[in-house]
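One chain follows as structure tokens, the form predicted on its own.
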């Protein structure tokens, strides 16, 4: 591939540079549309003249459209992003990193986006868009029950899902676990509702706090609406989730000082589905089961993990030692580089 592109650039100078720049332009339009030329130039650190020239070319090929409120990506533009992604990954070196990370963690497959979401929050949206592309390709046709976790990353995924996911599919979204004491915007119930709205699907909420006492939990499970949702979760065939840093998740869950001290003493580094684990992938603490757990993933048709940022590297690497079901991982360079440099 490198040799081929050497000669391509010899015949058409700066062809690679132009391709990567216009691909980045398409990605930025998808992320911020409708958007003006000046804003695109500022976000991509390009001159307005360069952006104008590239937009004119993309307009001529039908990949973007110009409206009174700004530039929009067309359906052909979306298809171009999807089909060019493997080539761009090769040219930028991301494909090599994806192959290395897939082997290192035992993944079904992985996709790495540029940047580090710890330093640039907008990278989470890019990971969300990559998740949407993956789901378009991998979601089973027909009926699916999709179990979803909450959190800022999952909220970013929800914002980027498109109605095309519903093509030949009937999707029902359910929260994978009971609720946590956090902002309503990132709770699983809210994320599920947004995903259902974006894909013209259905959702069913779970009005059950995850850290309920055993007595309260048993009583609440008898409520018809809660029992119905828990049964639906038990029949989920798709899971979309994140992997979190242990201490950050303990804080989100508003765990007691005693439990937090236990996590520290047991060297917990990560959390997923209420299971806290150490660097060796050994589960050191479990939140009472109110929904899915890691062991439930083996029966799924599709499992997608979305997690990025260098600060989550230890948690993600440990999680894939458990091991969970064969998973598609969508991550960023910050996390991938931190794992691969070890």
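Only a predicted model underlies this, so the values are computations on that prediction, with no experimental measurement involved. Residue numbers count along the first chain shown, from 1.
Quick note: we don't show the form predicted together with the DNA, though the next part is all about it.
*Asks:* Check whether residue 36 has any heavy atom within 4.5 Å of a heavy atom of the DNA in the predicted complex, and answer yes or no.
*Replies:* Although the DNA is absent here, residue 36 would touch it in the predicted complex, with heavy atoms inside 4.5 Å.
*Asks:* Hey, in the predicted complex, is residue 53 touching the DNA, heavy atoms inside 4.5 Å?
*Replies:* Yes, residue 53 is a contact residue.
*Asks:* Counting only non-hydrogen atoms and a 4.5 angstroms cut-off, does residue 321 reach the DNA in the predicted complex?
*Replies:* Outside the cut-off, so no.
*Asks:* Looking in the predicted complex, any heavy atom of residue 298 within 4.5 Å of the DNA?
*Replies:* Residue 298 lies outside the contact set for the DNA.
*Asks:* Within 4.5 Å, heavy atoms only, one stretch in 41-49, 23-31, 271-279, 304-312 touches the DNA in the predicted complex. Which?
*Replies:* Contact criterion met by 41-49 only.
*Asks:* Could you check which residue among 146, 154, 71, 195 gets a heavy atom within 4.5 Å of the DNA in the predicted complex?
*Replies:* If I apply the 4.5 Å criterion carefully, the residue I get is 71.
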